[in-house]
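For reference, the chain that follows is the form predicted alone, supplied as structure tokens.
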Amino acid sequence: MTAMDLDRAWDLHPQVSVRPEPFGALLYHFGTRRLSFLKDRRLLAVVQALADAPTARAACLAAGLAEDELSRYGRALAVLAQSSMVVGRTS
């Protein structure tokens, strides 16, 4: 899996609900009826920051990630994009 374009604006799909859990979070897509588990609370922070950030990179940095962690989290976000949990935001 390759990393997503971190310099693009992304957001949760409007049909996705996020339920924070002690281990991270559950994401449920009401359109596809898919369930995803986020096993990393920092990934949850990134996903929650996407709506207010101009880019995914900005969301990652706002969540406290270091530059050397961006590729790993970019790959995780790419998996969420592939399953339509997150979608590119248009202006």
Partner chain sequence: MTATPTSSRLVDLFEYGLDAPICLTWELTYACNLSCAHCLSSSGRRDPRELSTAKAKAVIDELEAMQVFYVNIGGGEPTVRPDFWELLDHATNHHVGVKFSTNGVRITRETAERLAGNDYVDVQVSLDGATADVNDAVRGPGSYATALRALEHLAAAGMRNFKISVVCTRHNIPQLDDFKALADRFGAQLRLTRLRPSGRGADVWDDLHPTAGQQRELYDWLLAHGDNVLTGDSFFHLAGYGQALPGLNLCGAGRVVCLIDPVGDVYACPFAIHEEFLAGNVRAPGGFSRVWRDSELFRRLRTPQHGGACASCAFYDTCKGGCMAAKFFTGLPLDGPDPECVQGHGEKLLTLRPVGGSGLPKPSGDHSHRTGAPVRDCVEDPLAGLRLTPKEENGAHG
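Numbering follows the first chain given and starts at 1. Nothing here was measured: the structure is a model prediction, and the numbers come from that model.
This protein has a second form, the form predicted in complex with its partner chain, left out of what is shown; the following refers to that one.
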**Message:** Counting heavy atoms only and using a 4.5 Å cut-off, do Tyr28, Leu35 and Ser83 all touch its partner chain in the predicted complex?
**Reply:** yes
**Partner proximity in the predicted complex: Leu12 to its partner chain, non-hydrogen atom cutoff 4.5 Å** = no
**Prompt:** So in the predicted complex, does Ala53 come within 4.5 Å of its partner chain, heavy atom to heavy atom?
**Reply:** no
**Prompt:** Is the gap between Ala63 and its partner chain in the predicted complex 4.5 Å or less for some heavy atom pair?
**Reply:** no
**Item:** Partner contact for Leu43 in the predicted complex: its partner chain, 4.5 angstroms, heavy atom
**Value:** yes
**Fill in**
Across 48 to 80, the residues having a non-hydrogen atom within 4.5 Å of its partner chain in the predicted complex turn out to be Arg72, Tyr73, Arg75, Ala76, Val79, Leu80
